[in-house]
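Below you'll find only one chain, the form predicted alone, shown as structure tokens.
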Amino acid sequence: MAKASTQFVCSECGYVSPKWLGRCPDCGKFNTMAEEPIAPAAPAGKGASAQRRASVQPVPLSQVRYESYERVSSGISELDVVLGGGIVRGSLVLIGGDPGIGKSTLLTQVAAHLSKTHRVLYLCAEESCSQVKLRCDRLGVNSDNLLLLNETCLENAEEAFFEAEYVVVDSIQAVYTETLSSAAGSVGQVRECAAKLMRIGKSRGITFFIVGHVTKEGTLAGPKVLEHIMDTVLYFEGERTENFKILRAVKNRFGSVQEVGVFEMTGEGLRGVNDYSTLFLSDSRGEAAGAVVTPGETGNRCMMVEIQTLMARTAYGLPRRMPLGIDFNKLVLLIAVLEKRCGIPLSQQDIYVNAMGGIRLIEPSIDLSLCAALASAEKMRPVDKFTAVFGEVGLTGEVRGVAFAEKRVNECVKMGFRRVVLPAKNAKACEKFKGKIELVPVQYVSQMIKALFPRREA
């Protein structure tokens, strides 16, 4: 009987089994057994001791030399900004997003630009070469340096990798390695294929662009080690029916992880949007209650984003909370702060919150603007269209200071806003803008509500 070359290891506790099990006998978790190849035994005797003696010796920190990373432009300015200034040679870039959002289109445009001066290989594991050529014709791409290969086995495509400087793998869930007997897209296959691509890229200096599928929760499918292996992890955000897409970096070893890129889907492909000043603002702001503008900081950019809120009396016993672009837990927390610290009754209201333009706001500086939008919707009193709000809110109702306050106020001045509500701790640093814009420093959420919604005289 042939000896088994693979084993199944629990990803939670490390339990090893010769066959697949639906439930781990050790930790009791379900669907955690992943197939892994059995490593060959190390040679014994003199060979093993010689191998230990030939191991790499540690190097003192003072003797480590700096490495200069060469960057190449991708041809799309917004993508270069997200990557930290361009494509780093020999790096691994993973792009994830919903189906049909534009991942393959973006990488086809990048491959077309790089093929002008470099040899690029497009490994189309999900499509045929003719389908990729149709997309290239639609994008106006025609280059002999752009090579197409329709293959799903990495061992068969490995020789073609060595002939290219840049390789696009579309997608990591569709390729497989012969060392494992499991199907393509399984946890073991994704991990082994990613590790194999990493070894090829680092040893040969080949840059890999890898497309990754996402689950219904919006996270990358496969093991978490897939993101750990990569140098850069990018997420495409936005609805498929909308023209504007957001590209966000969640991991970048060669740049900032707070950068975002704004793209517009056109008939000729994705186009970077450089003028995004009014992209996240509505034309009718200031007319209806529940809309507030906040200056959001994303990396080296500051963008004015409008937060809209709608309230309706609940028809059921449990009110609904539905945020889009804002964390659900943050919304629930701020609702409790307004109800307890400011006396605003929200327990019998269905609350719907939306960040304009499909952008996702995750920084704490949006807390105060979200409270202002909720208070405006509850009081049915609109906020002035030339007023901006930012600040972090604590559970005690205190407004805490935030980073980059001067940059936020400066953006409000450039956009023509006349008043900005900000934390009292940031007021001193922003005094130089007093002649250009009205500063309203607040220490508690209740002070912000009184400043935006003064009592009406009878």
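Counting begins at 1, following the sequence as shown. Computed from a predicted model, the values in this text were never measured in an experiment.
We do not show the form predicted in complex with thymidine-5'-diphosphate, though everything after this point is about it.
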Does residue 317 reach thymidine-5'-diphosphate in the model of the complex, with heavy atoms at most 4.5 Å apart?
no
Spell out, yes or no, whether the shortest heavy atom distance between residue 98 and thymidine-5'-diphosphate in the model of the complex is within 4.5 Å.
yes
Is it the case that residue 358, even though its partner is missing from this view, gets within 4.5 Å of thymidine-5'-diphosphate in the model of the complex, heavy atoms only?
no
Can any non-hydrogen atom of residue 384 be found within 4.5 angstroms of thymidine-5'-diphosphate in the model of the complex?
no
Contact with thymidine-5'-diphosphate in the model of the complex, heavy atom within 4.5 Å, among 163, 155, 151, 268 goes to 268
Please identify the residue among 379, 138, 204, 340 with any heavy atom within 4.5 Å of thymidine-5'-diphosphate in the model of the complex.
138
Want to guess which of 345 to 353, 326 to 334, 179 to 187, 260 to 268 is within 4.5 Å of thymidine-5'-diphosphate in the model of the complex, heavy atoms only?
260 to 268
Determine the residues of 103 to 137 with a heavy atom within 4.5 Å of thymidine-5'-diphosphate in the model of the complex and present them in sequence order; the list may be empty.
103, 104, 105, 135
